[in-house]
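First comes one chain, alone, set out as structure tokens in the form predicted on its own.
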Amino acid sequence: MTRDERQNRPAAQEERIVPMRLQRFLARAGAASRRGSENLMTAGRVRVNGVVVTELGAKVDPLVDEVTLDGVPVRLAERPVYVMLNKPKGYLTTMSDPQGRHCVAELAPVAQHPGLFPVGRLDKDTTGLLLFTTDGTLAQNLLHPSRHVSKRYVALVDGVVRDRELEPLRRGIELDDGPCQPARTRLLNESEAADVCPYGIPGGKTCVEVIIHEGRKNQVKRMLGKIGHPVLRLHRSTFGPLKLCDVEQGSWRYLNDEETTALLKAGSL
């Protein structure tokens, strides 16, 4: 049996799954994180056997009850799936957009894996590693600040940056929504900056590595902008133990066994 076959086979039913809270069922099925699943319920988007359920204490039997989200069946039919996408510029990190803009759902194997969703997000013009999974609990753990999951970014910024200018980022720079945790930063040479400058670093520009543990909106851009060097291009090369490799831009692949093991360890309690 190949790795892909192991990844996609139905979960074994050696023992009967006992009734569980609906929000836990939704998270395990990959509809959203536990908290996100609660929001789906309170918004009236979840039905059990055709009846809208908003009560957070409600329970379901996965082998008996029919659960739908926006009319689409939700099931615990597969083992968790873990996918690495190399996100190109110009795609929103969302599964749909009312304005019809391009979304990462167009690039990920959502047809093969209902319930697949991105863990965290990258800005529309940011490229690089975006993790998808159907494992809502793992996603919630990976994004929780207490896990200190690191993310490495390579940024092309305007102006010539001196190393001493990065000290505020290393100490923990203050932004309009509060102080940031200290970041690891350094200046990059041309060979290290190939992800954002494949043809060399333009004159009057600088490439900077920034490694953070938080995930606030536009955080890296705001951090570098605060020291007077606006970001021109931004690329994420790592997420926790995962390193972007063996996947072309705009394409995806399943995590291998080693990567999956490391990811589960990073998201374990």
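No experiment lies behind these values; they were computed from the predicted model shown. All residue numbers refer to positions in the sequence shown, first residue = 1.
Below, we refer to the form predicted in complex with a small molecule, which is not included among the displayed structures.
- A heavy atom within 4.5 Å of the small molecule in the model of the complex is found for exactly one of 84, 154, 157, 122: 122.
- In terms of contact with the small molecule in the model of the complex, the residue from 32, 244, 220, 46 that brings a heavy atom within 4.5 Å is 220.
- Within 4.5 Å of some heavy atom of the small molecule in the model of the complex lies at least one heavy atom of residue 126.
- In the model of the complex, none of the heavy atoms of residue 208 sits within 4.5 Å of a heavy atom of the small molecule.
- Under a 4.5 angstroms non-hydrogen atom cutoff, the small molecule in the model of the complex lacks residue 41 among its neighbouring residues.
- When the small molecule is considered in the model of the complex, residue 26 lies well away from it, no heavy atom lying within 4.5 Å.
- Heavy atoms within 4.5 Å of the small molecule in the model of the complex are found in exactly one of 32-40, 54-62, 211-219, 196-204, that being 211-219.
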